[in-house]
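Below sits a lone chain in structure tokens, taken as the form predicted on its own.
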């Protein structure tokens, strides 16, 4: 390792995990005094202060009062962060619960030291290994070596000179010390420069552009904005913790049977069993939905409209009630919101003529203020020009139509017809056969085409009826 006197600031880099690393280091200090090492032979060299994987796991189990599996996972995390390094299998940074040999990493290489794993230092290390191994590097090391040779070609002579000097200085050490230092250095670089396409515990997101700990002078404008924020916070309405907790408990109680993490999927989870019956039974085109799906419609109007099959059932009820204009307007507003920008003007004009203009065939009943704002906004239409009117219509359906739907024969009939699938009990042989006969599924383009054709049919069915033309046709007959 090249010794540097100035440490670059890596606090930003390690900030999200610094508290975790401090806890790990406190555990490591206690572990070094609790787990006694001994001399072990590695090939023909006697290495001092060597510990075995089962001794570490036994100490963690006793210290943390955990199971062997949890202790092994914690030990693997210590190895992945570079606090313990293996002496035999350097490629796998895992803790084995056997007689595999490990050593404690020197605190100089701990992550909280904030040494930057620079490319020039890594190039020196690889050049030194290349000299020692006479060109026989590991495949991933050879790939890194070739890349750094091309990247740092302008100072490669300096890198080779440094590597040669470090190699000569290492040969003057005793062989056990030389082997230990080689293992320490290799463990450091395999943690900080892992093989390509492998996960590293040191990976983190992009660095912050602003350091929260920097001594920044607070200006008068900052104080003004802070004062305004606190004034608004004081005026904001408060809710008792008991009320909020009660609402949270009610929500969890309502949705717990519909959460795939808390309750099993019926008839089986397709990701576990490779059986797509669950997806087939919950498609939009199904004639009879499942019982869980119908039950979820009763939770709220939002849940009912989010499920396209439930929305179709709701439309049938509205058609029988002769009050489908609110639902048609809500869907038209959704199409305007999520549609293409090129069709925005034509859609807005169609919506105005169909729902908002005086004497419109499907005129909706909203208050005058909302109607005035919406009509004025349609002069320059945008995606959210109908937001106020859509919210007003949604609340009207939520307060009145939705509860009448839940009590209607339409919903009760679909409840009776709803399917309650029996859970699948696949044997290991059947699971293997399911994996071999796994179907590729329906292509997304085909699903999109089916949805578009259904939307076109629904638009034709919900088009306004010209009563005068219909009456004249009846008179002619």
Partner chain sequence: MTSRWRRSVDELALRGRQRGECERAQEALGRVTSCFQQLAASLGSSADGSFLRDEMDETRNLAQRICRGLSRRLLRLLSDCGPAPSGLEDRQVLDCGPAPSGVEDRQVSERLWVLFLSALETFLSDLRKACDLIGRFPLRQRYDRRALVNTGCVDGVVAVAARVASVQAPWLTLEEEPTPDLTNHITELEAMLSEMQLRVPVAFWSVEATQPAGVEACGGLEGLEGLQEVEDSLEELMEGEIVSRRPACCCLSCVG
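Positions refer to the first chain, counted from 1. These numbers were taken from a predicted model, which means no experiment stands behind them.
Omitted here: the form predicted together with its partner chain. The next part is about that form.
Looking at its partner chain in the predicted complex, residues 288, 305 and 328 place no heavy atom within 4.5 Å of it. In the predicted complex, its partner chain sits beyond 4.5 Å of every heavy atom of residue 319. Shown alone here, residue 311 lies farther than 4.5 Å from its partner chain in the predicted complex, counting heavy atoms only. Its partner chain in the predicted complex is approached by residue 156, whose closest heavy atom lies within 4.5 angstroms of it. Put simply, residue 169 is close to its partner chain in the predicted complex: some heavy atom of it is within 4.5 Å. Scanning 398, 186, 315, 404 against its partner chain in the predicted complex with a 4.5 Å heavy atom cut-off leaves one residue, 186. This chain is drawn without its partner chain; in the predicted complex, the residue among 293, 362, 144, 103 with a heavy atom within 4.5 Å of it is 103. Of the candidate stretches 366-374, 350-358, 84-92, 320-328, only 84-92 has residues with heavy atoms within 4.5 Å of its partner chain in the predicted complex.
Contact annotation for 162-180: residues with any non-hydrogen atom within 4.5 angstroms of its partner chain in the predicted complex are 162, 164, 165, 166, 167, 168, 169, 170, 171, 172, 173, 174, 175, 177, 178, 179, 180, listed in sequence order.
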